[in-house]
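Take a look at this one chain, the form predicted alone, written out in C-alpha coordinates.
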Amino acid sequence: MFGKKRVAIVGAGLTLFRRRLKETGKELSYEAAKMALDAAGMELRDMKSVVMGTAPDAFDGVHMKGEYLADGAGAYHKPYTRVFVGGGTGVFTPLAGWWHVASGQFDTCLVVAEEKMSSCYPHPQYAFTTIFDPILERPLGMNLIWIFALEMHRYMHKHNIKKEQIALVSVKNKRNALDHPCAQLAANITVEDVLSSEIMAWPVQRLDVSPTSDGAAALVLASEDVAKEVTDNPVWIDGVGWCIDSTLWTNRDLYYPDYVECAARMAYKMAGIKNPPKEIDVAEPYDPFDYKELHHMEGLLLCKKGEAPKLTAEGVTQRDGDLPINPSGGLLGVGNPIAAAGLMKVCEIFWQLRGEAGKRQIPGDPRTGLAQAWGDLMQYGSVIVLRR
(Lines give C-alpha, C1' and ligand atoms only; values in the text may rest on other atoms or scores of the structure.)
Protein backbone atom coordinates (compact mmCIF):
# COMPACT_ATOMS: atom_id res chain seq x y z
CA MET A 1 0.00 0.00 0.00
CA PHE A 2 1.15 3.61 0.47
CA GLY A 3 3.49 3.23 3.41
CA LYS A 4 3.01 2.45 7.07
CA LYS A 5 3.56 5.79 8.77
CA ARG A 6 1.17 8.71 8.82
CA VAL A 7 2.87 11.97 7.81
CA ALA A 8 2.11 15.49 9.05
CA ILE A 9 3.16 18.98 8.08
CA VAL A 10 4.22 20.84 11.22
CA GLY A 11 5.79 24.03 9.85
CA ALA A 12 5.92 26.20 6.72
CA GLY A 13 7.98 29.10 5.41
CA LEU A 14 7.80 31.40 2.41
CA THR A 15 10.03 34.19 1.11
CA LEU A 16 8.96 37.22 -0.85
CA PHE A 17 8.16 36.48 -4.49
CA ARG A 18 9.77 39.14 -6.67
CA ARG A 19 11.58 39.76 -9.96
CA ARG A 20 15.36 40.14 -9.61
CA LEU A 21 15.71 39.53 -5.89
CA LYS A 22 19.24 40.24 -4.71
CA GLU A 23 19.45 37.05 -2.65
CA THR A 24 21.06 34.03 -4.27
CA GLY A 25 19.19 30.77 -4.66
CA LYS A 26 21.10 29.42 -1.66
CA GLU A 27 20.06 32.37 0.47
CA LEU A 28 16.42 32.11 -0.58
CA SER A 29 16.45 28.39 0.25
CA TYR A 30 17.98 29.10 3.65
CA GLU A 31 15.46 31.82 4.43
CA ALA A 32 12.43 29.65 3.64
CA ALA A 33 13.89 26.62 5.45
CA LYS A 34 14.68 28.69 8.54
CA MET A 35 11.14 30.08 8.65
CA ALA A 36 9.63 26.59 8.36
CA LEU A 37 11.88 25.22 11.13
CA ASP A 38 11.12 28.17 13.40
CA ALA A 39 7.39 27.74 12.78
CA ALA A 40 7.68 24.07 13.76
CA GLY A 41 9.78 24.87 16.82
CA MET A 42 12.50 22.59 15.50
CA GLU A 43 16.14 22.89 14.44
CA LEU A 44 18.08 21.70 11.44
CA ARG A 45 19.68 18.94 13.51
CA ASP A 46 16.16 17.51 14.00
CA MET A 47 15.79 16.95 10.24
CA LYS A 48 16.80 13.44 9.22
CA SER A 49 16.44 14.03 5.45
CA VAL A 50 16.04 16.86 2.93
CA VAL A 51 14.15 17.02 -0.37
CA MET A 52 14.84 19.87 -2.77
CA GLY A 53 12.60 20.87 -5.65
CA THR A 54 13.89 23.20 -8.33
CA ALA A 55 13.29 23.53 -12.06
CA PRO A 56 15.84 23.78 -14.93
CA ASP A 57 19.45 24.53 -14.03
CA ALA A 58 19.32 27.21 -16.74
CA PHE A 59 17.17 29.46 -14.56
CA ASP A 60 19.85 29.95 -11.90
CA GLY A 61 22.61 29.61 -14.50
CA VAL A 62 24.39 26.99 -12.39
CA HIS A 63 25.33 23.52 -13.55
CA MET A 64 24.10 20.75 -11.18
CA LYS A 65 21.83 23.19 -9.37
CA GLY A 66 20.60 20.57 -6.94
CA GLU A 67 24.11 20.15 -5.58
CA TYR A 68 24.67 23.91 -5.59
CA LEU A 69 21.58 24.52 -3.45
CA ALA A 70 22.14 21.63 -1.06
CA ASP A 71 23.83 23.51 1.75
CA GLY A 72 21.38 26.42 1.49
CA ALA A 73 18.56 23.91 1.94
CA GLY A 74 20.19 22.41 5.02
CA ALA A 75 21.30 19.17 3.36
CA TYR A 76 24.91 19.16 4.58
CA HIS A 77 25.71 15.62 5.83
CA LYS A 78 22.09 14.52 5.38
CA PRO A 79 20.35 12.17 2.93
CA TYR A 80 19.32 14.50 0.11
CA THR A 81 17.11 14.21 -2.96
CA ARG A 82 16.40 16.70 -5.72
CA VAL A 83 13.19 16.31 -7.74
CA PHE A 84 12.13 18.09 -10.90
CA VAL A 85 9.02 17.74 -13.06
CA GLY A 86 8.79 21.25 -14.52
CA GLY A 87 5.92 23.32 -13.15
CA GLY A 88 4.65 20.28 -11.24
CA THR A 89 7.76 20.30 -9.05
CA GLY A 90 6.32 22.40 -6.23
CA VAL A 91 3.68 19.83 -5.28
CA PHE A 92 5.81 16.84 -6.26
CA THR A 93 8.47 17.95 -3.75
CA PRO A 94 6.30 17.34 -0.64
CA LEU A 95 5.13 14.11 -2.28
CA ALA A 96 8.77 13.00 -2.37
CA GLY A 97 9.18 14.14 1.24
CA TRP A 98 6.09 12.14 2.15
CA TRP A 99 7.70 9.01 0.67
CA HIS A 100 10.75 9.53 2.89
CA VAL A 101 8.69 9.62 6.08
CA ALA A 102 5.77 7.32 5.19
CA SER A 103 8.23 4.58 4.24
CA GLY A 104 9.57 4.58 7.78
CA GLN A 105 13.04 5.45 6.50
CA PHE A 106 13.09 8.83 8.29
CA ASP A 107 11.03 10.45 11.04
CA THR A 108 11.45 13.97 9.66
CA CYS A 109 12.06 15.61 6.31
CA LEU A 110 12.77 19.22 5.39
CA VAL A 111 11.13 20.01 2.05
CA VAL A 112 12.45 23.05 0.17
CA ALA A 113 11.57 24.46 -3.28
CA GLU A 114 13.50 27.31 -4.90
CA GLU A 115 13.55 29.19 -8.16
CA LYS A 116 15.56 32.20 -9.28
CA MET A 117 14.25 32.82 -12.76
CA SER A 118 15.69 36.33 -13.08
CA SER A 119 19.18 34.94 -13.67
CA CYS A 120 18.13 33.62 -17.08
CA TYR A 121 18.74 36.33 -19.69
CA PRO A 122 17.25 37.85 -21.72
CA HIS A 123 14.12 36.03 -20.46
CA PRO A 124 13.40 32.65 -18.80
CA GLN A 125 11.39 31.64 -21.87
CA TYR A 126 14.72 31.08 -23.61
CA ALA A 127 15.44 28.19 -21.23
CA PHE A 128 12.61 26.29 -22.90
CA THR A 129 13.59 26.68 -26.54
CA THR A 130 15.14 23.22 -26.70
CA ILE A 131 12.44 21.21 -24.91
CA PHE A 132 10.36 20.71 -28.05
CA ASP A 133 10.65 17.80 -30.47
CA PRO A 134 13.56 18.75 -32.77
CA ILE A 135 11.90 17.38 -35.93
CA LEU A 136 8.16 17.98 -35.54
CA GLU A 137 7.93 21.05 -33.32
CA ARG A 138 11.11 23.11 -32.98
CA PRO A 139 11.16 24.30 -36.64
CA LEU A 140 7.89 26.14 -35.90
CA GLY A 141 9.79 28.52 -33.62
CA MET A 142 7.35 28.06 -30.77
CA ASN A 143 7.58 29.00 -27.12
CA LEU A 144 5.45 28.15 -24.10
CA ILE A 145 3.10 31.12 -24.51
CA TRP A 146 2.51 29.94 -28.07
CA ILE A 147 1.44 26.40 -27.16
CA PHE A 148 -0.57 27.48 -24.11
CA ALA A 149 -2.44 29.84 -26.41
CA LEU A 150 -3.37 26.78 -28.49
CA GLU A 151 -4.60 24.99 -25.37
CA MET A 152 -6.56 28.01 -24.14
CA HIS A 153 -8.16 28.48 -27.55
CA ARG A 154 -9.15 24.81 -27.73
CA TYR A 155 -10.67 24.95 -24.22
CA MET A 156 -12.65 28.09 -25.11
CA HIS A 157 -13.87 26.60 -28.39
CA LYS A 158 -14.91 23.25 -26.91
CA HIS A 159 -17.13 24.80 -24.24
CA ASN A 160 -18.03 28.10 -25.96
CA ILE A 161 -16.23 30.09 -23.26
CA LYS A 162 -15.70 33.83 -23.68
CA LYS A 163 -12.56 35.73 -22.73
CA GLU A 164 -14.60 37.82 -20.28
CA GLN A 165 -15.37 34.68 -18.29
CA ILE A 166 -11.73 33.65 -18.13
CA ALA A 167 -10.58 37.16 -17.18
CA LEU A 168 -12.62 36.89 -13.96
CA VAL A 169 -9.98 34.47 -12.66
CA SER A 170 -7.19 37.01 -13.02
CA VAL A 171 -9.37 39.68 -11.39
CA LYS A 172 -10.14 37.40 -8.43
CA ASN A 173 -6.65 36.09 -7.85
CA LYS A 174 -4.83 39.40 -8.13
CA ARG A 175 -7.37 40.89 -5.70
CA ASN A 176 -6.92 37.97 -3.28
CA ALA A 177 -3.16 38.56 -3.40
CA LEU A 178 -3.62 42.07 -1.95
CA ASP A 179 -3.84 40.28 1.41
CA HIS A 180 -0.70 38.18 0.89
CA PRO A 181 2.51 39.58 2.44
CA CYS A 182 4.74 37.86 -0.13
CA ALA A 183 2.78 38.83 -3.25
CA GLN A 184 4.50 40.17 -6.35
CA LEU A 185 1.58 41.17 -8.59
CA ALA A 186 -1.35 41.91 -6.28
CA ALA A 187 -3.72 44.40 -7.91
CA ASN A 188 -7.28 45.60 -7.95
CA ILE A 189 -8.08 45.18 -11.65
CA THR A 190 -11.17 44.75 -13.78
CA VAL A 191 -12.18 42.43 -16.60
CA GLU A 192 -11.74 45.36 -18.96
CA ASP A 193 -8.14 45.80 -17.78
CA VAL A 194 -7.42 42.19 -18.72
CA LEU A 195 -9.11 42.46 -22.11
CA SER A 196 -7.24 45.66 -22.99
CA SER A 197 -3.81 44.37 -21.93
CA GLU A 198 -1.10 43.51 -24.47
CA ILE A 199 -1.75 40.48 -26.66
CA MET A 200 1.04 37.91 -26.26
CA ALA A 201 -0.28 35.13 -28.53
CA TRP A 202 -4.02 35.19 -29.02
CA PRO A 203 -6.03 34.55 -26.90
CA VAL A 204 -3.34 34.97 -24.21
CA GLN A 205 -2.89 38.57 -23.05
CA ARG A 206 -0.41 39.99 -20.56
CA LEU A 207 -2.84 40.05 -17.61
CA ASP A 208 -3.79 36.43 -18.33
CA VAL A 209 -0.24 35.39 -17.40
CA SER A 210 1.65 35.01 -14.11
CA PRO A 211 4.98 36.84 -13.76
CA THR A 212 8.59 35.77 -13.88
CA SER A 213 9.64 35.43 -10.23
CA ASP A 214 12.33 34.55 -7.73
CA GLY A 215 11.49 32.94 -4.39
CA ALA A 216 11.53 29.89 -2.14
CA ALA A 217 9.16 27.92 0.08
CA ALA A 218 9.66 25.18 2.67
CA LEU A 219 7.78 22.66 4.79
CA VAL A 220 8.72 20.49 7.75
CA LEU A 221 7.29 16.95 7.53
CA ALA A 222 7.17 14.62 10.51
CA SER A 223 5.98 11.14 11.38
CA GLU A 224 2.96 10.84 13.66
CA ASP A 225 5.07 10.23 16.76
CA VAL A 226 7.26 13.27 16.17
CA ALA A 227 4.34 15.49 15.09
CA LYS A 228 2.49 14.85 18.35
CA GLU A 229 5.60 15.90 20.29
CA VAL A 230 6.02 19.27 18.55
CA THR A 231 2.48 20.51 17.85
CA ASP A 232 -1.13 20.21 18.95
CA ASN A 233 -2.30 21.21 15.48
CA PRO A 234 -0.69 19.00 12.81
CA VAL A 235 -1.97 18.95 9.24
CA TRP A 236 -1.92 15.44 7.80
CA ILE A 237 -0.98 14.43 4.29
CA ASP A 238 -3.88 12.07 3.60
CA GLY A 239 -3.64 11.71 -0.17
CA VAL A 240 -0.99 12.02 -2.86
CA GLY A 241 -1.21 11.52 -6.60
CA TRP A 242 0.87 12.06 -9.72
CA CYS A 243 0.60 11.26 -13.41
CA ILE A 244 2.55 12.04 -16.57
CA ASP A 245 1.14 11.85 -20.09
CA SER A 246 2.91 11.66 -23.43
CA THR A 247 5.31 14.45 -24.33
CA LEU A 248 3.62 14.55 -27.75
CA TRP A 249 1.04 17.19 -26.89
CA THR A 250 0.13 17.38 -30.58
CA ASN A 251 -1.50 13.94 -30.25
CA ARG A 252 -3.88 14.90 -27.46
CA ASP A 253 -7.11 16.90 -27.28
CA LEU A 254 -5.98 19.87 -25.21
CA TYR A 255 -9.41 20.90 -23.94
CA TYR A 256 -9.12 18.61 -20.90
CA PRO A 257 -6.15 17.60 -18.67
CA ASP A 258 -6.60 13.83 -18.33
CA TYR A 259 -3.29 13.57 -16.47
CA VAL A 260 -4.61 15.88 -13.73
CA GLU A 261 -7.74 13.74 -13.35
CA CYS A 262 -5.57 10.62 -13.10
CA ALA A 263 -3.41 12.20 -10.37
CA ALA A 264 -6.48 13.51 -8.55
CA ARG A 265 -8.21 10.13 -8.55
CA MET A 266 -5.07 8.56 -7.09
CA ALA A 267 -4.97 11.14 -4.28
CA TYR A 268 -8.71 10.95 -3.63
CA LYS A 269 -8.64 7.17 -3.42
CA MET A 270 -5.86 7.31 -0.84
CA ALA A 271 -7.69 10.01 1.15
CA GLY A 272 -11.05 8.23 0.93
CA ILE A 273 -12.71 11.14 -0.90
CA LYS A 274 -15.79 10.13 -2.89
CA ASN A 275 -17.33 13.52 -3.75
CA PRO A 276 -14.56 16.13 -4.23
CA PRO A 277 -16.77 19.26 -4.61
CA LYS A 278 -18.50 18.48 -1.32
CA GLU A 279 -15.52 17.14 0.63
CA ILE A 280 -12.81 19.65 -0.37
CA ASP A 281 -13.19 22.84 1.70
CA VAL A 282 -10.47 24.88 -0.03
CA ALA A 283 -8.28 24.30 -3.07
CA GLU A 284 -5.16 25.82 -4.61
CA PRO A 285 -5.04 24.59 -8.23
CA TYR A 286 -2.13 25.69 -10.41
CA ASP A 287 -2.85 28.97 -12.22
CA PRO A 288 0.14 30.17 -14.28
CA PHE A 289 -2.52 31.40 -16.74
CA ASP A 290 -6.04 32.39 -15.73
CA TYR A 291 -7.66 29.73 -17.93
CA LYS A 292 -5.56 27.05 -16.20
CA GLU A 293 -7.40 27.56 -12.90
CA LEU A 294 -10.64 26.66 -14.70
CA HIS A 295 -8.97 23.85 -16.66
CA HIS A 296 -7.54 22.36 -13.47
CA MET A 297 -10.73 22.72 -11.42
CA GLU A 298 -12.34 20.45 -13.99
CA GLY A 299 -9.40 18.05 -14.11
CA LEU A 300 -9.50 17.85 -10.30
CA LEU A 301 -13.18 16.82 -10.56
CA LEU A 302 -14.21 19.85 -8.49
CA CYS A 303 -16.84 20.52 -11.14
CA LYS A 304 -18.07 19.14 -14.44
CA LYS A 305 -16.25 19.73 -17.72
CA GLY A 306 -16.93 23.25 -18.96
CA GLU A 307 -18.60 24.26 -15.68
CA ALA A 308 -15.70 26.11 -13.98
CA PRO A 309 -16.29 29.48 -15.73
CA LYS A 310 -19.93 29.47 -14.59
CA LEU A 311 -18.97 28.75 -10.97
CA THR A 312 -16.41 31.55 -11.10
CA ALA A 313 -18.94 34.03 -12.46
CA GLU A 314 -21.42 33.05 -9.74
CA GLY A 315 -18.86 33.74 -6.98
CA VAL A 316 -18.58 30.11 -5.88
CA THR A 317 -14.77 30.28 -6.04
CA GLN A 318 -14.41 33.48 -4.01
CA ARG A 319 -12.96 33.25 -0.49
CA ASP A 320 -16.46 33.42 0.97
CA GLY A 321 -17.93 31.12 -1.70
CA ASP A 322 -18.95 27.50 -1.34
CA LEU A 323 -15.65 26.32 -2.87
CA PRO A 324 -12.83 28.84 -2.31
CA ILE A 325 -10.24 28.54 -5.07
CA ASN A 326 -6.78 30.11 -4.72
CA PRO A 327 -7.54 32.30 -1.68
CA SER A 328 -3.80 33.03 -1.58
CA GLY A 329 -3.95 34.92 -4.86
CA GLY A 330 -2.36 32.04 -6.70
CA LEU A 331 0.47 32.36 -9.17
CA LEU A 332 -1.33 35.18 -10.96
CA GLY A 333 -1.19 37.35 -7.85
CA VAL A 334 1.53 36.03 -5.55
CA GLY A 335 4.00 35.15 -8.32
CA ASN A 336 5.42 32.17 -10.17
CA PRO A 337 8.95 31.06 -9.24
CA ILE A 338 8.28 27.70 -10.86
CA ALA A 339 9.10 25.10 -8.17
CA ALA A 340 8.49 27.45 -5.24
CA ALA A 341 5.11 28.44 -6.69
CA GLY A 342 3.60 24.99 -6.26
CA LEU A 343 4.97 24.63 -2.75
CA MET A 344 3.55 28.06 -1.90
CA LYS A 345 0.15 26.53 -2.61
CA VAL A 346 0.78 23.66 -0.19
CA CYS A 347 1.91 26.20 2.43
CA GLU A 348 -1.33 28.12 1.87
CA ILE A 349 -3.52 25.06 2.42
CA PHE A 350 -1.49 24.28 5.58
CA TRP A 351 -2.11 27.79 6.91
CA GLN A 352 -5.79 27.76 5.91
CA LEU A 353 -6.45 24.47 7.71
CA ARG A 354 -4.64 25.73 10.83
CA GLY A 355 -6.56 29.03 10.79
CA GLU A 356 -3.30 30.94 10.29
CA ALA A 357 -3.93 32.59 6.90
CA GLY A 358 -4.64 36.04 8.35
CA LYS A 359 -6.67 38.29 6.04
CA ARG A 360 -6.76 35.45 3.51
CA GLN A 361 -8.48 33.07 5.93
CA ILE A 362 -11.62 31.54 4.46
CA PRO A 363 -14.73 31.53 6.68
CA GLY A 364 -16.01 28.50 8.55
CA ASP A 365 -13.95 25.62 9.80
CA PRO A 366 -12.00 24.15 6.86
CA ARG A 367 -10.91 20.58 7.49
CA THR A 368 -9.79 19.32 4.08
CA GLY A 369 -7.75 21.10 1.42
CA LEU A 370 -6.06 20.35 -1.86
CA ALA A 371 -3.09 21.71 -3.78
CA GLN A 372 -2.16 20.83 -7.35
CA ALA A 373 0.64 21.67 -9.77
CA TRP A 374 1.12 21.11 -13.47
CA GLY A 375 4.23 20.78 -15.53
CA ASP A 376 6.27 19.71 -18.53
CA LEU A 377 4.67 19.98 -21.98
CA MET A 378 1.05 20.06 -20.82
CA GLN A 379 1.49 16.52 -19.57
CA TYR A 380 2.15 16.26 -15.83
CA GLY A 381 -0.03 16.64 -12.73
CA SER A 382 0.76 16.33 -9.02
CA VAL A 383 -1.92 16.49 -6.32
CA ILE A 384 -1.83 16.53 -2.52
CA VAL A 385 -4.78 16.31 -0.10
CA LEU A 386 -4.32 17.70 3.40
CA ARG A 387 -6.56 17.26 6.44
CA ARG A 388 -6.71 18.70 9.91
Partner chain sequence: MSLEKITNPLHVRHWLGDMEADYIYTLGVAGEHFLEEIKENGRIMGAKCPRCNITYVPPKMYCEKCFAKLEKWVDIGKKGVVHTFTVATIDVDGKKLEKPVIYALIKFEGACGGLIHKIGETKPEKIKIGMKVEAVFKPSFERKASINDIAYFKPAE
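Given the structure is predicted, the values throughout are model-derived calculations rather than measurements. Numbering follows the first chain given and starts at 1.
The protein also exists as the form predicted together with the partner chain; that form is not presented, and the subsequent description refers to it.
Legend entry - Whether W146, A149 and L254 all lie within 4.5 angstroms of the partner chain in the predicted bound form by heavy atom: Verified in the predicted bound form; spot residues all in contact, yes.
Legend entry - Distance check, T15 to the partner chain in the predicted bound form, heavy atom within 4.5 Å: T15: yes, in contact with the partner chain in the predicted bound form.
Legend entry - in the predicted bound form, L248 touching the partner chain (heavy atom, 4.5 Å): Answer yes; at least one heavy atom of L248 falls within 4.5 Å of the partner chain in the predicted bound form.
Inset, instruction - Find out whether any non-hydrogen atom of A313 is located within 4.5 angstroms of the partner chain in the predicted bound form, and reply yes or no. - result: No, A313 is distant from the partner.
Inset, instruction - Mark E198 yes when one of its heavy atoms lies within 4.5 Å of a heavy atom of the partner chain in the predicted bound form, and no otherwise. - result: Heavy-atom contact with the partner chain at 4.5 Å: present for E198.
Inset, instruction - Report the stretch among 125-133, 286-294, 300-308, 81-89 that approaches the partner chain in the predicted bound form to within 4.5 Å, counting heavy atoms only. - result: Among the candidates, contact is made by 125-133.
Inset, instruction - Tell me, out of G41, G355, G61, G66, which residue has a non-hydrogen atom within 4.5 angstroms of the partner chain in the predicted bound form. - result: It is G61.
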